[in-house]
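Quick setup: one chain, the form predicted alone, written in structure tokens, and binding and motion questions come after.
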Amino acid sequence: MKKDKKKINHSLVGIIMGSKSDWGTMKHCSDTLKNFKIRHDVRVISAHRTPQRLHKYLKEAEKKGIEIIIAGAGGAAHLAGVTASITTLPVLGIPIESKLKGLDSLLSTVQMPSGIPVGTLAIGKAGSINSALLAISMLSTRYPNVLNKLKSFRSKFEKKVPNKPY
């Protein structure tokens, strides 16, 4: 069921990252959401170092109307999985490049047990951008204005691809 065209005055997406150093990657997610004028909240929250902060944030996020959580973390990268185990909101995970070029982060994010899903995207910048676009696509099923912006983006994106390699 589509929502009406009322202006949305709250964040629809929550972006969380395991440490401040992850911002270099997660900024691309935020920038993509800004380009679509999607309100979002950005926080540093570690599943291991600040678990109480994570629980509090997720409880408040649901009350504030956040509809999707995007979680980026490197190394052990359990942030998306722990987040998904606490909330029923959709969780998108972005593996951050780390000591093993992000492979460790990718495996930690993608290898979730049955019953606790995390939508896992590519390592690094591409995953960060695509997580925002996937969130936008999910939101477009409920918000006609988001759908219109997404259709326009896709049309312009397609036109950037040349017909010939020369």
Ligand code: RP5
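Everything quoted here is computed from the prediction, not taken from an experiment. Residue indices: 1-based, along the sequence shown.
Missing here is the form predicted in complex with 5-O-phosphono-beta-D-ribofuranose; even so, the following discussion is about that form.
Student: Exactly one stretch in 133 to 141, 61 to 69, 120 to 128, 47 to 55 has heavy atoms within 4.5 Å of 5-O-phosphono-beta-D-ribofuranose in the model of the complex; which is it?
Tutor: Of the options given, it is 47 to 55.
Student: Although 5-O-phosphono-beta-D-ribofuranose is absent from this view, report whether G74 comes within 4.5 Å of it in the model of the complex, heavy atoms only.
Tutor: The answer is yes: G74 has a heavy atom within 4.5 Å of 5-O-phosphono-beta-D-ribofuranose.
Student: Is N145 one of the residues lying within 4.5 Å of 5-O-phosphono-beta-D-ribofuranose in the model of the complex, judged by heavy atom distances?
Tutor: Contact with 5-O-phosphono-beta-D-ribofuranose, no.
Student: If you check in the model of the complex, is I96 within 4.5 Å of 5-O-phosphono-beta-D-ribofuranose, heavy atoms only?
Tutor: Because a heavy atom of I96 falls inside 4.5 Å of 5-O-phosphono-beta-D-ribofuranose in the model of the complex, the answer is yes.
Student: Quick one: is G14 in contact with 5-O-phosphono-beta-D-ribofuranose in the model of the complex, heavy atoms, 4.5 Å cut-off?
Tutor: Outside the cut-off, so no.
Student: Using a 4.5 Å cut-off on heavy atoms, what residues in 17 to 35 are near 5-O-phosphono-beta-D-ribofuranose in the model of the complex?
Tutor: G18, S19, S21, D22, in sequence order.
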